[in-house]
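For reference, the chain that follows is the form predicted on its own, supplied as structure tokens.
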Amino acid sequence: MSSTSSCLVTKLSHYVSLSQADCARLATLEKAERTFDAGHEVYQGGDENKDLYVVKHGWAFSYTDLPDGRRQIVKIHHPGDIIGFPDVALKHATTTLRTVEDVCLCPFPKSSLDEILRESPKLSALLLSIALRDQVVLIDVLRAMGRMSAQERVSYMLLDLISRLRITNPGMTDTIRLPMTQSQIADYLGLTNVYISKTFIRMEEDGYIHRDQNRLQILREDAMIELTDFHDRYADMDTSWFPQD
């Protein structure tokens, strides 16, 4: 597998220069491929936690069910993401993984991390840093969900999505593909379908965004950043402490 065909290599190469050996190690994580139709549950919360997954193409999300049957989406997954890191120390999955659209995932056993941890200190430090960075992002999300208005929450979500997607799509400017339904967006932001629909309409009328089927253009990114006090946690990373090859 060449680095050009791997979203995972593209994503990690954004932060550090990867050796051929590291690229080969990452390629082993993407050897096996499984395709899933839209709306498929790949695994459920409580299942034995044996594998992690690299997203090769398509979108998915992790969610948990509330006692009254409502759903809370806790993470949206894109190509290049490794799914399962938050649960790597646990014997059972804490969330359910569902596909948004047709998806190709590359499952690999947790034991496959052994070679990376033993043979590549720099790659190990990078994977650790990404996992810890995601905890900071979770704090940002909690602040947004707990204190922001509907428009601020939608704005935050769109800014977060485009910031993440730009890492594996360097040529991306202001337009993203958004395959999620309004119901799924509502379950992610803790709002109702009605609120999501009204908010998107209002944001279009106010010139913040433009929608064309499942494509969304952000027209006033700076204004949305100011509105939400958004901080891009993905563009840069402090790698000064990483071990050198």
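Quick note: we count residues from 1 along the sequence shown, nothing fancier. Predicted model only: the values in this text are computed from it and were never measured.
Another form, the form predicted in complex with another copy of the chain, is not on view; read the next lines as being about it.
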Thr64, heavy atom within 4.5 angstroms of another copy of the chain in the model of the complex: yes
In the model of the complex, Asp134 touching another copy of the chain (heavy atom, 4.5 Å): yes
Partner contact for Asp222 in the model of the complex: another copy of the chain, 4.5 angstroms, heavy atom: no
Another copy of the chain contact at Ser124 in the model of the complex, heavy atom, 4.5 Å: yes
Another copy of the chain in the model of the complex reached by all of Thr94, Asp187 and Asp236, non-hydrogen atom within 4.5 Å: yes
One stretch from 25-33, 206-214, 173-181, 66-74 that, in the model of the complex, holds residues within 4.5 Å of another copy of the chain by heavy atom: 66-74
In the model of the complex, residues of 131-152 near another copy of the chain [heavy atom within 4.5 Å]: Ala131, Leu132, Arg133, Asp134, Gln135, Val136, Leu138, Ile139, Val141, Leu142, Arg143, Met145, Gly146, Arg147, Met148, Ser149, Glu152
